[in-house]
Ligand code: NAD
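Shown next as structure tokens: one chain only, the form predicted alone.
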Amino acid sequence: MNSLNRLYIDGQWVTWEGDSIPVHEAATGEVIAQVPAADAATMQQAVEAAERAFGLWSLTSLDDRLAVIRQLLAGLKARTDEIAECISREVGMPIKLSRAIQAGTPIAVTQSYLDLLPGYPFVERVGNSEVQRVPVGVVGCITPWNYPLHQAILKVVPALAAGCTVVLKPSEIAPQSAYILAEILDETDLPSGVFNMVTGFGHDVGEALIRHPAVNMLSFTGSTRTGGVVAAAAAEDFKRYALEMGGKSAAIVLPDADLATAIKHTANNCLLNSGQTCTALTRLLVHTSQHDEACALAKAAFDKMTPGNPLDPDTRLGPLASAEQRDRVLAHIRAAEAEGATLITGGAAAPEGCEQGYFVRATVFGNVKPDGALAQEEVFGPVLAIIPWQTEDEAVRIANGTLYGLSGAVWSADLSKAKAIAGQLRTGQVTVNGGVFNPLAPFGGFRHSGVGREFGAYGLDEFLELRSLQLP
């Protein structure tokens, strides 16, 4: 068991003598680490350190900040295997995917900022004015457990690049990669206090972070419910904030599309990280004439995804991250059956050979009602709802008919038609005919899915204020 009885504050590791939080291995349920359950007073120390460090860090040159980010990139590359294994054990993502996504995506994102920052317009001339983009100040970052390092990097790298100082509060369910990040940054030329990391529960250290008057901006990724708490706290003190929250994304397949290809793509997307992905395509919308064929194709795709140990290189579907999340997903499955949806494959029974740990079968329901709980609520597990429609207008209404608006997909043999449908979806991003993800494009949601954007220059903008100098 890894005992991480320390916190990173003001450029040094501070030993914690108080209560701790157990970290469980997703595949077995066993405790694999202990991290501090820090208190509000400790978080206050971290914020004060960030506040003291802001004055000097905000005045550093872009070259100095780029140098630190290059050192961070080298550290992430050197510890790729360690990062992948620790997140696979905590979250349950199969190790091959974890190397490519949980460890690989933070590297790619960090590199993307190194590429774009030299050409970013921190200063531009508008008439007789010099418009400056200046750091917002102390940033409180609260990150989730499903992509723990990726979500931290999406906040920490652009915040540091902007000249902000940071206090990171990682999820207590998957905190070990935050320690790796702090260890890497501790070995860079980053001045003391610019980056701080405090673990603990949301009602203690999280609450202290979002309400501290010295925090100028809050960057949050997590549930919509908690996002509302963050936004309310920010409003009380006029803090800037960016929220990336839940989703209930729909894939619309038009009758002229290659149905098999569309369903294969949707299945892989839905089951990525065992469905523990905010952008997961968990609603498959097909024409009523293709419903039964779609169910058969989805069943074949899902039945190939048998759960197994995420550290086995042959495993394609791992467990969920916690007992609480497993039980929540199973409750959704049982409720869908009670509502009358047709169980196509999977279900609430424990997968054979995976009685330990937090495993759930890859599950497909057909004939799902658009207004039913399975079609409206974020399950965050390996569950797909297939919903039939009769007209394109109806398909769009169903896709837009939830509180969320994070992602979506459209499939059609006619690209112009697919783009026209995509243009009607009230969501932050839409995959058209399987288009690949672009880390330089803005990422974020409409409505209950979020406020603000991440990735690329759009993510950097969130950590900057605008100032105009009116020149003679």
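Bear in mind the structure is a predicted one, so any value in this text is a computation, not a measurement. So that there is no doubt, residue numbering starts at 1 and follows the sequence shown.
Form predicted together with this ligand: not shown, discussed below.
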### Region of this chain that lies against this ligand in the predicted complex, out of 74-82, 118-126, 143-151, 308-316 [heavy atom, 4.5 Å]
143-151
### Message
On the criterion of a non-hydrogen atom at 4.5 angstroms or closer, are 172, 380 and 443 all touching this ligand in the predicted complex?
### Response
yes
### Query
Quick one: is residue 188 in contact with this ligand in the predicted complex, heavy atoms, 4.5 Å cut-off?
no
### Query
Within a 4.5 Å heavy atom cut-off, is residue 229 in contact with this ligand in the predicted complex?
yes
### Message
Is residue 177 near this ligand? Define near as a heavy atom within 4.5 Å, in the predicted complex.
### Response
no
#### Entry: this ligand contact in the predicted complex: residue 223, any heavy atom under 4.5 Å
yes
### Candidate from 406, 43, 50, 35 lying within 4.5 Å of this ligand in the predicted complex - any heavy atom
406
### Message
Just to be sure I understand the contacts: of 347, 370, 246, 366, which is the one whose heavy atoms reach within 4.5 angstroms of this ligand in the predicted complex?
### Response
246
